[in-house]
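Here's a solo chain for you in structure tokens, the form predicted on its own.
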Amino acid sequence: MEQLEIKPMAQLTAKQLIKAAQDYGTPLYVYDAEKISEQYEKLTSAFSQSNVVFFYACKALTNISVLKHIHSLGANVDCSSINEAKLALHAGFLPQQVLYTSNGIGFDEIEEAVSLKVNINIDSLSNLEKFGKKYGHTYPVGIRLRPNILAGGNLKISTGHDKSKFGIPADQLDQILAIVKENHMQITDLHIHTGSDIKDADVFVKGIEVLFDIIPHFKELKSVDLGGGFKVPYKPGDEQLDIELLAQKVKEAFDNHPQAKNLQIWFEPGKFLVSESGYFVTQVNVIKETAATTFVSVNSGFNHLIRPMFYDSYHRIENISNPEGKEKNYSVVGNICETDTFAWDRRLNEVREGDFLVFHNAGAYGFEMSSNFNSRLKPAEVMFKENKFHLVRRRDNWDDLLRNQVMIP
């Protein structure tokens, strides 16, 4: 049974979130722009002594207002699809600030990325060969390698191990070099990404060591990309990645390697920048007492927040309507016709029908992975910036469910 100490919110207060829920309705995603700024400042401060560039991994949250805010901080952006790259350009990022890392996609998408003039990483021998034959030395390109390192908080988000689909296995270096040589390719970046929720700085050091053995084979390198996946805390006492220690170890490694110390170092933080900025506010529909547990049914489900069901992830839940109520055990569930349990036997202040419950750490992979399952509407998104709330995505309406459907005459 979970025993959870309820701590004050780091940024937005219960009163502010209740006001947002009343003004914009629920369920509702809320993002605190100042928290995003604070997280970015942590990164730039820690790595101030190294030649590091940060690319926000926007697959975590692509709301255009969030992208614009992150752009205003001076960050670059990492994209996992051609449409993410287009969104980044639409938000104001310059092509040279956009990194597009393909994964098992058709070559036509890579050709479109070239037309956008963005940075490109290629993750398969097949597409590397096609790229070489078409562009030769005329367009700089990066290679995503699979370092065969198992890391991350869940196998589903571990991307560098020997059974992962991501990247070209590092042990296929001879084949990579043959393609590069045959097509006189301009390789300017080497990329690795071992997974998400990484809390041990030494995982990145292991990745660096893999790259150091490969770097001498590429004479036109300008950067090495160490990926992202920095662990952030989801509950009190959670271990997280020590950013200062990581910065120190990265600097030492590159300073002591003559062939690498002049290369630019890239990182791709996604969850680290936006996770803690996000709050998901729901309202209690029904309290259902049973012999086994007391169910709290909220007006949402895994159609809006799938992480607990998909990754067995933990989100701190708080009853912001009754913060002084006597603590009891509840199972918090959703309202769709599948098992969508957010929390079993969670200790919460007494919950009543109509109360607002807030899910913390909802900024990353919350709205971004939402759907219209059960033909339910996607929630609105608002951003708290410059001391006021701004609607940054309106709530779905009935017309949105029909928008792209075509009736047979």
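Everything numeric in this text was worked out from a predicted model, so none of it was measured. Counting begins at 1, following the sequence as shown.
Quick note: we don't show the form predicted together with a small molecule, though the next part is all about it.
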> When the small molecule is placed as it is in the predicted complex, which of 29-37, 347-355, 55-63, 380-388 ends up with heavy atoms within 4.5 Å of it?
Replying inline: 55-63
> Would Phe254 count as touching the small molecule in the predicted complex under a 4.5 Å heavy atom rule?
Replying inline: no
> Taking the shortest heavy atom distance, is Arg307 within 4.5 Å of the small molecule in the predicted complex?
Replying inline: yes
> How about Asp242: is it within 4.5 Å of the small molecule in the predicted complex, going by heavy atoms?
Replying inline: no
>> in the predicted complex, is there a heavy atom of the small molecule that lies within 4.5 Å of any heavy atom of Met369, even though the partner is absent here?
In response: yes
> Among the candidate residues Asp189, Asp123, Glu276, Glu268, which is the single one with a non-hydrogen atom no more than 4.5 Å from the small molecule in the predicted complex?
Replying inline: Glu268
> Which of these residues, Asp197, Glu84, Glu112, Glu129, gets a heavy atom within 4.5 Å of the small molecule in the predicted complex?
Replying inline: Asp197
